[in-house]
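Coming up is one lone chain in structure tokens, specifically the form predicted on its own.
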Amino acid sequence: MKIVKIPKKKLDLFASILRQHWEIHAPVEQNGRYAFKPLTHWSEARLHYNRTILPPKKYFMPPRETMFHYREGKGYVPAQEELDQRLILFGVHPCDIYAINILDEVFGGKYNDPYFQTRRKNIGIIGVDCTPDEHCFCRSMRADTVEKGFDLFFTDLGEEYMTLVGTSLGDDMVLMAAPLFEPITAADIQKYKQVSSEKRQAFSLDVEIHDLPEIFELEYKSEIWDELGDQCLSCGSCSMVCPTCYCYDVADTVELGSKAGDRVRTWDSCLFHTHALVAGGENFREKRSSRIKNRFYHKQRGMVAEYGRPSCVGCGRCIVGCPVHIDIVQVINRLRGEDHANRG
């Protein structure tokens, strides 16, 4: 893997070079919180942030997406809107890159999704390392570092960013702005080791995932699920902000007075009352307790069986976003028999 560095004072120039070929989206501050948005000026970007409100998955599977149009006399017409848009997401955290890698497996496996795959090919990713806050537990989920899924990855060394080149596209970016990049030195290597060590020590939240599928199997009838069912509002906030939740609903919208319309898919949540509702009025998960249990089991047990690892990446968004303060770390610790919150 090629490794170089770029001075921070040259990032705006680097961005201007990239903007000649791609539209750049980066975290922008909004009332003390952050969201990925298109940049008009590099000064708007905030590379030092805790987490964005919505994860970068919104670029690969939008909250609302037209799959195709149907028109009388024309049949089915593919929807190409924004599919070919070329973007660079600048400043993606390791846990969110890891989440995109998980979505790659889901939408690139036996049920290949051409919409996701087209966007994946057209969107470049420049990652940036981060400092954990009190809601981060990505280290516990083995998602605090990432080895693939990015084109470039920046690590803050103080006055410079050490830059890992992950793909041929990333190498092209570096070559486009070759005068801005410099070779790394022995001092840079030592600084990187120091930064890596400080990040490991900064985590105050921890959860043990060893043998977690077995724990979930043993605790299938635990009273905790009824407690959480009484507490949960079934609002779906945790699913909406989760970087790996991928459930969606499909519906046809018909233009009044015609035989034309669109087939649209929108984000869905297994916590919604209608998620497991089928024809005839049968609901396989009528109770809120069964729905929240399903969410936990799918992410921490089902995904392990299917893909070899949990789909949770420890970003902390569900903890921050839950209006009734359901905390995934506290739930797992309780299932393990550890009633403490395990916070530093």
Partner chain sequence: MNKPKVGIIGLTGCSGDQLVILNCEDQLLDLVGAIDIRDFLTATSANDTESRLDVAFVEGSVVSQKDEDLLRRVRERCTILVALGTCAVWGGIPTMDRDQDRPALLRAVYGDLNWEYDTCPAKALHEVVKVDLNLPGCPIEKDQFLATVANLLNGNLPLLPDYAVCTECKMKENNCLLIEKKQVCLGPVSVAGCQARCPSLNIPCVGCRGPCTDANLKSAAATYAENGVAMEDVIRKMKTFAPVPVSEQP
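Note that this is a predicted model, so its numbers are computed, not measured. Positions refer to the first chain, counted from 1.
Here the subject shifts to the form predicted in complex with the partner chain, a form of this protein not shown in this document.
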Just to confirm, with a 4.5 Å cut-off on non-hydrogen atoms, which of E159, D211, D230, D206 contacts the partner chain in the model of the complex? D230
Which listed residue (M141, L164, V195, C235) meets the criterion of a heavy atom within 4.5 Å of the partner chain in the model of the complex? C235
Full three-residue contact with the partner chain in the model of the complex, heavy atom 4.5 Å, for K57, N101 and C312: no
Can any non-hydrogen atom of C322 be found within 4.5 angstroms of the partner chain in the model of the complex? yes
Interface membership of T266, the partner chain in the model of the complex, 4.5 Å heavy atom rule: yes
In the model of the complex, N31 touching the partner chain (heavy atom, 4.5 Å): yes
Even though the partner chain is not shown here, does A186 get within 4.5 Å of it in the model of the complex, heavy atoms only? no
Exactly one stretch in 90-98, 130-138, 268-276, 195-203 has heavy atoms within 4.5 Å of the partner chain in the model of the complex; which is it? 268-276
Listed by sequence position, which residues of 237-266 have a non-hydrogen atom within 4.5 angstroms of the partner chain in the model of the complex? S237, M240, V241, A251, V254, E255, L256, G257, S258, K259, T266
